[in-house]
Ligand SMILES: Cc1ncc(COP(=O)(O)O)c(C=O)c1O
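Below sits a lone chain in structure tokens, taken as the form predicted alone.
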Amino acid sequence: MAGFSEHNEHKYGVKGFIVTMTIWTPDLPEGGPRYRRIAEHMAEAIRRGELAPGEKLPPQRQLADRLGVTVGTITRAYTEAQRQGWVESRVGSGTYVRLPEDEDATVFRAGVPVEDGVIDMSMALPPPHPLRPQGLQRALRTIAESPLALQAATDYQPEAGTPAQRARIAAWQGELGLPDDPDRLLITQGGQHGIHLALRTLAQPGELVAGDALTYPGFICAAQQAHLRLAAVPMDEAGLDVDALARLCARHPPRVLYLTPDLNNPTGARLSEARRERLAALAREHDIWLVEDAVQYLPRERRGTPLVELAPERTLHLFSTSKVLAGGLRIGTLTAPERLQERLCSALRSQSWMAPPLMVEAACRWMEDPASRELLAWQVEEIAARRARALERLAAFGAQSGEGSSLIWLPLPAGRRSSEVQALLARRGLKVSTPEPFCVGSEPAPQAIRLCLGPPEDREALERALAIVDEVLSEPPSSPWQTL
């Protein structure tokens, strides 16, 4: 067998079954971390049938001795193989090649590994985990086994979604501490679609809409495409400056104010409770619609009072499965006052008629799967660990991050330019974001970079990325003469 030096078998009884344990020992060529090479050989052996479903892998210490590596290296290799869905660990028993279900689940991957040494921390994605593709697989399988569900997936549905699906999604949102009134909830094709619907419904071309001076680029793009005028409201570490908003309102109140009160993107700033209450009062005084974007998920205890609770008659609340289950679902919600429902449904129908019924049903079934709660609990813990490590590693550079956030905002040392630092990081295999796409209006962008903690495939990749940032920022800036 190419690539393997030994593959002997031992058999023993467990509760009446015969379990095979393989003395599998890969040959390891040079190049790349040892744990990853071991995991790659394991995956290849499973694909080729040299490691069969249900086989027990060698004890970690035994394989470590055979390969002349540390037990820690084998532990990481087994963990990586489990993360990718090739094997499963059973407490008190060992590690086994995963058994196929109806089809081989191992065709799914937990995430895209580092390609050519490049780590991409430029997009706010949830951390990879095999429960994501596995959850979708189970949801699709149950749909395929249900004639009624298949029939419904082929039919046209009401614009806002069926009452049953809206109730199921509302119940899930209620578990997360989010708006749970199905009568006020519309199903959208993700958070970005919800932003477009809100702006198209609330504002006419040429009207003024406002947002934090640094905010989500998707809002900026949607406002521009709707031919709306944009106003930037200054902000600080406590979020949007409500005094500055009041001064704007005295001159020209915006028709719509878009904000992410719990987790500003890109800075991670959180709007204080005092500012939320004053903002709600100001919105009533000047008849401003509020679009509250909660797509960047935070646990309930790390959020403030939702604007949709403080001013329910004038707040549209956005949520999505993108940062919780998977971005590829493209399923989100828009919770809005009843008086807007007909107009929102008309806008939704004119744009796409409805969210795809198959994807809505898959999302509903995935939400109801107990494994989705396991995934979310893991994600919260994983993000917390990554955030703590990033803040520790980059403390000397003043790294900032809101509690529970997966974003790191890194103001640059004096004399450093964000474009220069971004280019230097890219040359060393790390992609990050600069502030320019997040700027509302024509104000100059601050010199900073944004790091997203979710995309690295594991904590080792994150550690390498943080080391690259430390290395680049510790170097003197490039000479301006080099640009001539």
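All residue numbers refer to positions in the sequence shown, first residue = 1. Since this is a predicted model, take the numbers as computed values, not measurements.
Omitted from view is the form predicted in complex with the named molecule, to which the following refers.
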{"query": "Stretch from 378 to 386, 68 to 76, 189 to 197, 145 to 153 whose residues place a heavy atom within 4.5 Å of the named molecule in the model of the complex", "finding": "189 to 197"}
{"query": "Distance check, Val295 to the named molecule in the model of the complex, heavy atom within 4.5 Å", "finding": "yes"}
{"query": "Any non-hydrogen atom of Thr315 within 4.5 angstroms of the named molecule in the model of the complex", "finding": "no"}
{"query": "Interface membership of Trp366, the named molecule in the model of the complex, 4.5 Å heavy atom rule", "finding": "no"}
{"query": "4.5 Å heavy atom contact, Ser320 and the named molecule in the model of the complex", "finding": "yes"}
{"query": "Contacting member of Thr260, Thr267, Thr335, Ser406, with respect to the named molecule in the model of the complex [4.5 Å, heavy atom]", "finding": "Thr260"}
{"query": "Listed residue that, although the named molecule is not shown, lies within 4.5 Å of it in the model of the complex (heavy atoms), from Arg276, Arg138, Arg330, Arg168", "finding": "Arg330"}
{"query": "Heavy atom contacts to the named molecule in the model of the complex at 4.5 Å, residues of 209 to 223 in sequence order", "finding": "Tyr216"}
